[in-house]
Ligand SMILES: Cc1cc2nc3c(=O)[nH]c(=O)nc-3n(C[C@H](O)[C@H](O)[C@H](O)COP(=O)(O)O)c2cc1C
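Take a look at this single chain, the form predicted on its own, given in structure tokens.
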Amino acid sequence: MKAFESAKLGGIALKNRLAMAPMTTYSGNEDLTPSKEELDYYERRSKDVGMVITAAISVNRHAQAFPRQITLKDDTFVEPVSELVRTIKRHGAKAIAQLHHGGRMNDPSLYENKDDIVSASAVKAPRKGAPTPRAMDVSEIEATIEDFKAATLRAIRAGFDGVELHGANTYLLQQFFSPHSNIRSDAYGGTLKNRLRFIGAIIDGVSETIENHSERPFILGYRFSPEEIEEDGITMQHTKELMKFMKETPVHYVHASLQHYNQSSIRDERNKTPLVVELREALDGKKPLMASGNIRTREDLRHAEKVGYDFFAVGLALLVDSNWADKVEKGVTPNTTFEKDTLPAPLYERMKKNRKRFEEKGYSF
């Protein structure tokens, strides 16, 4: 099966095509460094996958979206984060830092000054309790591009094997791309070309940083959400243009963030064509496509390969059973009861509070 075959990505050899998907842990230390619980959590789940994509790592002081989210916002965090890298790589997995800015989706309780919550435009997210962000001025946009570059350099110094730019799940990069959240009238808004400008500048800046400072191959990925439910939000037509744009960039893979790897449109219920079909067509084989979303069994992996994915990111199933990859490769049925002792307490308690959502998926506590 393709998922368990070795592969190369960005010049780096991977023992297989499985990735641990990026999942928020809410479990760093109070000073935003990785906690011992978090290190144990990653080590258990890194043993049998080719790469681990970390939970979102904030790039500056305006970027933090979650309580106890680890960061690379300045040089003092390089050494603490390097311990996380060593932990992930201990059993042969490659370590990928997911670089992130929450934008208007930041938890407002983390900010005394609500002007610190910024976005492409002063458009409030259609979610309960969401603050109205402050529109970034051009100097702030340019500074944020530099912050992504600086965080990449810190990731290189910490020993990571790559970075993934978090352009999905309604966070800042997606906010600039979306016509719902970006109503700017300058060079960073309006037309599709302008709404891509911020993303393109970050990709180019990060790629230049890698070229200038990494002495070894280094992976660059991009995560995206294909659609938004808002009437004026992102459509598949927009995302097909994004994929065509990605073909011409230095990214080594694109990572689709989906509820189900084979889902069809959330905007047009009449269209039953799986989104992967349109994504593959737009990419035209020029960039590998990573699946993410409800991969739970050996049969799911086989089907995800059949419909056209090249790499396979596993989230919830690996969260529930830390030995998921080994069991699936051997044909053993994975656990469906959360392993409390292998999860950081803040993460376990948070999931338990939302137990109904997980029990509906067939999991138990």
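Numbering starts at 1 and runs along the sequence shown. Everything quoted here is computed from the prediction, not taken from an experiment.
Missing here is the form predicted in complex with this ligand; even so, the following discussion is about that form.
Interface membership of Met51, defined by any non-hydrogen atom within 4.5 Å of this ligand in the model of the complex, is ruled out. This ligand in the model of the complex is approached by Gly293, whose closest heavy atom lies within 4.5 angstroms of it. Remark: Leu316 counts among the residues lining this ligand in the model of the complex, judged by a heavy atom distance of 4.5 Å or less. Although the partner is absent here, Ile12 sits far enough away that none of its heavy atoms falls within 4.5 Å of this ligand in the model of the complex. Annotated contact segment (heavy atom within 4.5 Å of this ligand in the model of the complex): 307 to 315, selected among 325 to 333, 29 to 37, 307 to 315, 43 to 51. No residue in the set Ala95, Val206 and Ile210 has a non-hydrogen atom no more than 4.5 Å from this ligand in the model of the complex. Among Leu153, Leu258, Val276, Leu196, the residue placing a heavy atom within 4.5 Å of this ligand in the model of the complex is Leu258. Listed residues Leu301, Ala63, Val320, Ala55 were compared with this ligand in the model of the complex; Ala55 is the one with a heavy atom within 4.5 Å. In sequence order, His166, Asn169 are the residues of 160 to 192 having a heavy atom within 4.5 Å of this ligand in the model of the complex; the partner itself is omitted from this view.
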